[in-house]
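The form predicted alone is given below as one chain in structure tokens.
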């Protein structure tokens, strides 16, 4: 009990990693399949403007303004994609640069919140409060259930949007649904890694899982495992060596990715070798 009270910050950090790292990894499977990596990066950077706006408006905790502003940017991306001839990457680059510029402009007017602002920019998982931890747990369970509720439709949409439409899937609604849950997950996870690194926790575990998975089900399971290893391992290394949590979590994920890349190469070589032996016989 004494150890628990003396290390409460570590317990909270570990619990936050257990909640958010698998969630980001799960969403990352569909983000990478749909080539939306730049989208999640745009949402993460737009959250910076939401944080600055929240502090400027007098919020002591800017989570709600951050989520609302990010959702507004996400919806704007989809709306501009549907109603203009602009390419998707052009729209996202436009909104990303505009959001960052807006956030930095407001930040220049803040006097007493720059330290808190920087905490969202770079992340501070060891400063997660009990309220933030409860919110993260509730959102993780809620978003996870929503994703598994629409798993078949999301899988079909990721494979081929036109095929999903023919199969009776409401493609427009599902796009907005996925963008909404992704935006909320990214916004909440900013507290874990910060704006600069949160996209990495979405992309890297999914990419690592793709190296070794043979099916979507395997990719989801492997991505969840890599997310857990990255989050828990990163927090453990942070506590042991007194180094920043966000970069450590990301580098742990990259380390796991490197291992899966080696495994995939060895498996490929073994497959080629067995194929040659089969043809020779």
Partner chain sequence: MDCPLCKHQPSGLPLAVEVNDLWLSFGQVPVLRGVSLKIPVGQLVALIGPNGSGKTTLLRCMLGLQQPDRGTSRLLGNGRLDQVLPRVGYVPQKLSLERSFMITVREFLALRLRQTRNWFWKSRTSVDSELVGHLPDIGVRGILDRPLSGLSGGQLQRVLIAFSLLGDPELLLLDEPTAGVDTPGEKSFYELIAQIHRERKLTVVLVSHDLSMVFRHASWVYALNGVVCCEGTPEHVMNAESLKQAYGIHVSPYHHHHHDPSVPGHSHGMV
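Note that the structure is predicted; figures quoted are calculated from it, not measured. Numbering follows the first chain given and starts at 1.
There is another form of this protein, the form predicted in complex with its partner chain, and it is not shown here; the text below is about that form.
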Kindly indicate whether 15, 141 and 176 are, all three, within 4.5 angstroms of its partner chain in the predicted bound form, using heavy atoms. no
Quick one: of 170, 97, 108, 152, which gets a non-hydrogen atom within 4.5 angstroms of its partner chain in the predicted bound form? 152
Could you spot which one of 86, 166, 127, 93 gets a heavy atom to within 4.5 Å of its partner chain in the predicted bound form? 166
Evaluate residue 217 for contact with its partner chain in the predicted bound form, applying a 4.5 angstroms cut-off between non-hydrogen atoms, and reply yes or no. yes
Taking any heavy atom pair closer than or equal to 4.5 Å as contact, tell me whether residue 238 reaches its partner chain in the predicted bound form. no
Does residue 81 reach its partner chain in the predicted bound form, with heavy atoms at most 4.5 Å apart? no
Using a 4.5 Å heavy atom cut-off, state whether residue 32 contacts its partner chain in the predicted bound form. yes
Candidate stretches 33-41, 225-233, 65-73, 50-58, one within 4.5 Å of its partner chain in the predicted bound form by heavy atom: 33-41
Applying a 4.5 angstroms cut-off on non-hydrogen atoms, the residues of 156-186 near its partner chain in the predicted bound form are 156, 158, 159, 160, 162, 163, 165, 166, 167
